[in-house]
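Just the one chain here, laid out as structure tokens, in the form predicted alone.
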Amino acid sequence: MSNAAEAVPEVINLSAGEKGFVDEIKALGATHILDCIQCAKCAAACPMALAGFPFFNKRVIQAILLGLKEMLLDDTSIWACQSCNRCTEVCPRKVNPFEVMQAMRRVAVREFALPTLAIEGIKSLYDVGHAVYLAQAHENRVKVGLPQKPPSTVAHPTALRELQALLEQTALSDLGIIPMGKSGVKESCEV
């Protein structure tokens, strides 16, 4: 027997779950969420699960099915998803866990439940086309034989303008949490 205190599992009041939450998530793009059988293949492929986030794809789906909207909104895990789509590739039921995560993010945006890092990532996405972009990496890219800028919106101002136009038509623009306007390509991104 160990002297170390054992972790006490969190008790969740299942009767407090929000009725209709699954339908809300389905309407926001997670159309196949009810096909999930909790096999955990998505979790096995998820970098978030490996990093120790409490709500990785499988657990987000489980929490949604239980109606635990407030619990998900109080946790920043949904913003840690890197959109790698490994979960979608391995899902035997075609649930598309990535779309579930995106639907949950849509709820969080509507509820103003955005952590500071998510706001910074969205601003960076709007400004340069990447949620995480290291402008100082240009020299290192050249040293290893890569182009100074990655072949993405950073190197293609027209694509960035198209991305900005799309973002300007989303709920994010309506919230006003980051400045969006018809200003075009930011200087940090110009070729």
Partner chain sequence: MRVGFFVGCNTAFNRPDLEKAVRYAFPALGVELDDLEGQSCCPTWGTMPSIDLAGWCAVGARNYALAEEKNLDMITVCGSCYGSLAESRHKLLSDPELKARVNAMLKSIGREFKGTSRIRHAICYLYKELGPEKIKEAVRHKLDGITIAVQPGCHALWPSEVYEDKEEDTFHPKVLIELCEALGAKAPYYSRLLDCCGMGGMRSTDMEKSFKLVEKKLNSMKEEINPDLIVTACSSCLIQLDTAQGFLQKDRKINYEIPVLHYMQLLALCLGAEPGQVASLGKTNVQSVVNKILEG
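Numbering follows the first chain given and starts at 1. The term rigid core refers to the maximal set of C-alpha atoms that superpose within 1.5 Å between the two forms. Computed from a prediction, not measured in an experiment: that's the story for all the values here.
Absent from the display: the form predicted in complex with the partner chain. The rest refers to it.
Contact test in the predicted complex: residue 36 vs the partner chain, heavy atoms, 4.5 Å: No, residue 36 is distant from the partner.
4.5 Å heavy atom contact, residue 89 to the partner chain in the predicted complex: Taking the distances in the predicted complex, the answer for residue 89 is yes, it comes within 4.5 Å of the partner chain.
4.5 Å heavy atom contact, residue 167 and the partner chain in the predicted complex: It does: once the partner chain is placed as it appears in the predicted complex, residue 167 has a heavy atom within 4.5 Å of it.
Non-hydrogen atom contact residue 105 with the partner chain in the predicted complex at 4.5 angstroms: The answer is yes: residue 105 has a heavy atom within 4.5 Å of the partner chain.
Sequence-ordered residues of 76 to 90 touching the partner chain in the predicted complex, heavy atom within 4.5 Å: Contacting residues: 76, 79, 80, 81, 82, 83, 84, 85, 86, 88, 89, 90.
Threshold 2 Å Cα movement between the shown form and the other one at residue 30, rigid core reference: Result for residue 30: no, shift under 2 Å.
Flag for residue 68, CA shift 2 Å or larger between the shown form and the other one after aligning core: False for residue 68: its C-alpha shift is below 2 Å.
Outcome for the Cα pair residue 161, residue 80 in the predicted complex, compared with this form (closer or farther; change of 3 Å or more): Farther apart in the predicted complex, by 3 Å or more.
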